[in-house]
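Here's a solo chain for you in structure tokens, the form predicted alone.
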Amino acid sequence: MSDLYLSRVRSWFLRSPPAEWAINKTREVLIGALRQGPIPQHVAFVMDGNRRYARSHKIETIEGHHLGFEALARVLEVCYKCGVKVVTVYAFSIENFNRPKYEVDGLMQLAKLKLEQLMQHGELLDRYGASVRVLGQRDLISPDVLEVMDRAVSTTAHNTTAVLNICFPYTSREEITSAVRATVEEFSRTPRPHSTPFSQSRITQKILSQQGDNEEPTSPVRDPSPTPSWTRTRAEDPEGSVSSSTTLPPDSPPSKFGGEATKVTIFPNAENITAETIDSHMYTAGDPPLDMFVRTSGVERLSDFMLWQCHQETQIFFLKCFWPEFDLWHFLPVLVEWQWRQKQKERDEIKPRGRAKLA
């Protein structure tokens, strides 16, 4: 009996009503059991292996990507049923624009088609209260595809229980660059309301101190320029949260020194930029920390995806199967292992506390 014949018999059996009923019941039982343990709140997928799956099955490359989108629908249902709040998928890398034009155009049109289907038959997202967000460089997306993406985002905006982040087109370095750029703009253009301008007495004291160090006359010296500019270091400034510069925009509030008016506006100090500041400008701002990173196809690298979001608690799984093959039966062992690691971590945290009490 040939392998092709056995494959067809197997497919026919799995599609038969009794087999489908048994499989669905088994899935429900397994997912219900998983929900009894800890569940990752944010899971990221690198949907890799569509082209290799197509080559191995002797079908068109674009058909492999089509099957990959179908696999995404299966995985989303499993994740949302288990209780995952945020799913982030790597749908299209900026580097993919280096592929043949016909494949890039095909991927764009496929994304457009699938998003349109998602809106027309949106039971999956509405059933689990999931909203769609498209993360990436919008200026690289063709206008017809961008229109459909914006419509998908607005159509699901009322859903607040879960999130589907579609990274398209995206690289992590571009995201980090964008976040740093936004942070710099915020700190250079937005005065903080709680900041206060330099006081006259403080400036006078600073001038007298500097003149004393240089062994010059201690009388205050007035700068002949019409708009004087004074600077001081953060260590000398009791209000370390403000900028050291007073060469400022014309709409700044005036302050007086030595009878002359100068306009002063205080900006945040760059030394106050923290990891949380950058995080607030990332595409995933407001999402839970990344708990699980999954990549299919056997390739063991991050490929410029979620580099900022991966942290010391993120668990990374590299699977051998191609993405179009990915389903509950591949995801189940990953979830079980993640739960086991969480329990091991809890035990390790409890043991030192127990020893401390005994001591």
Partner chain sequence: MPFKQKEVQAYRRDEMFGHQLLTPEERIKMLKPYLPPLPPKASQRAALEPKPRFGLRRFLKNQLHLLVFTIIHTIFSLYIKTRQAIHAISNRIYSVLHYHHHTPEYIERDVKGLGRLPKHLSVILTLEDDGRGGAALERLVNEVSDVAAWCASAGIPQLSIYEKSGILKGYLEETHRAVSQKLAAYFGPKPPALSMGAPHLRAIESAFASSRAGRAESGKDAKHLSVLLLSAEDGRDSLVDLTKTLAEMSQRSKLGPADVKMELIDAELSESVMGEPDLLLLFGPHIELAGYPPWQIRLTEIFHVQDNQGVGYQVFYRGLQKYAQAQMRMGR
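This is a predicted model, so every value here is computed, not measured. Positions refer to the first chain, counted from 1.
Just so it is clear, the following notes concern the form predicted together with its partner chain, a form of the same protein that is not shown.
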Can you work out whether Lys85 and its partner chain are in contact in the predicted complex, taking contact to mean some heavy atom pair no more than 4.5 Å apart? no
Taking 4.5 angstroms as the cut-off for heavy atoms, does Gln120 touch its partner chain in the predicted complex? yes
Heavy atom of Glu60 within 4.5 Å of its partner chain in the predicted complex: no
Taking its partner chain as it sits in the predicted complex, is Asn96 in contact with it (heavy atom to heavy atom, 4.5 Å or less)? yes
